[in-house]
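For reference, the chain that follows is the form predicted on its own, supplied as structure tokens.
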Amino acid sequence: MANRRTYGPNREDPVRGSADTAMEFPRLLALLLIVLEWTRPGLPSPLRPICDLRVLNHFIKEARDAEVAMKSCREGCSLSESVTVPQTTVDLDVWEKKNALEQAQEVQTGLWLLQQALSLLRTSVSNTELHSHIDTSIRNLLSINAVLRSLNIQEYTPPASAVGLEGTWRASSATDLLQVHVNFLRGKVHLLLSNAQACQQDVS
């Protein structure tokens, strides 16, 4: 039987997690500022690979915050039309048989689809709190692309249309879209970054 992985809520020690967060926050903030700086148009890729998964974990937390805000929204928070989003369930047997380029392209395609979908959501909702969460989510997707560039992953050229792309489905609600966003970051993006060749070389 294939080894399939889905991503549910993490069960971490809240006391230890709070202490670790307080100690590591200054370093994480500095790293995030560096990543955000590299998302500015026209800037070259960073000289060293960005391998600290705390950056991704911070983006996942902010994606969860957006999902929670959407679930509690009662007015001005609907998606105007269905959007194409990436599949998030990971079959590890299939994933591990793909080469690094195929894995990267699957992740990059998913990031592009999410960026397009979140941009549409941004124009669909009128709730100002959600606007802030969605803007943060879109910025974070751009930052993840900067991280990928730092790992010497080939620049992605998006297709002319999302129609016919494999490994996708249509989400018809804002809640579904934001749940996909969280699960995609926790799943395929995390797998790609945690096993990136540039980071293995950096550690060695």
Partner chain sequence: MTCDHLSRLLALFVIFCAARTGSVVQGARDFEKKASMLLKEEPKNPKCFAEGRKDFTCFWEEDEERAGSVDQYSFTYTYQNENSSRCPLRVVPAAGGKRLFICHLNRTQMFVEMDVQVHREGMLIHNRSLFVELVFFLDPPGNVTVSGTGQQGQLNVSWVPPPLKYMEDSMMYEVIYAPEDQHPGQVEVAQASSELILRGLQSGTKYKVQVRVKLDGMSYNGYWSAWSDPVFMETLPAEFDPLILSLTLIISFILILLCLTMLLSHQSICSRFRFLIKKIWPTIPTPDGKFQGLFTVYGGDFQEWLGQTSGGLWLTPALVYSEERPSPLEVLSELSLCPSLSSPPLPPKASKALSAVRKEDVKNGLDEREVLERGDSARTDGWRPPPHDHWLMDRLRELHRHQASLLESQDAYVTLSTSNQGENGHADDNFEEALPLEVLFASRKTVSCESHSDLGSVQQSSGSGRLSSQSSFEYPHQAWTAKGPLYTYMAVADSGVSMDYSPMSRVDDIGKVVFYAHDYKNEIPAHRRPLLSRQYPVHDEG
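Note that this is a predicted model, so its numbers are computed, not measured. Positions refer to the first chain, counted from 1.
The same protein also has a form predicted together with its partner chain, omitted here; what follows describes it.
query: Leu79, Leu111, Ala117, Val90: which sits within 4.5 Å of its partner chain in the predicted bound form by any heavy atom?
result: By the 4.5 Å heavy-atom cutoff, the listed residue in contact is Val90.
- prompt: Taking heavy atoms and a 4.5 Å cut-off, does Tyr156 contact its partner chain in the predicted bound form?
  reply: No - in the predicted bound form, heavy atoms of Tyr156 and its partner chain never come within 4.5 Å of each other.
message: Within 4.5 Å, heavy atoms only: does Val94 come near its partner chain in the predicted bound form?
response: The answer is yes: Val94 has a heavy atom within 4.5 Å of its partner chain.
query: So, in the predicted bound form, is Arg139 in contact with its partner chain at a 4.5 angstroms heavy atom limit?
result: The answer is no: Arg139 has no heavy atom within 4.5 Å of its partner chain.
- request: Flag Asn57 as yes or no: does it have a non-hydrogen atom within 4.5 angstroms of any non-hydrogen atom of its partner chain in the predicted bound form?
  value: Yes, Asn57 lies within 4.5 Å of its partner chain in the predicted bound form.
message: With its partner chain taken in the predicted bound form, which residues across 146-184 come within 4.5 angstroms through any non-hydrogen atom?
response: Counting only heavy atoms within 4.5 Å of its partner chain in the predicted bound form, the contacting residues of 146-184 are Trp169, Gln179, Asn183.
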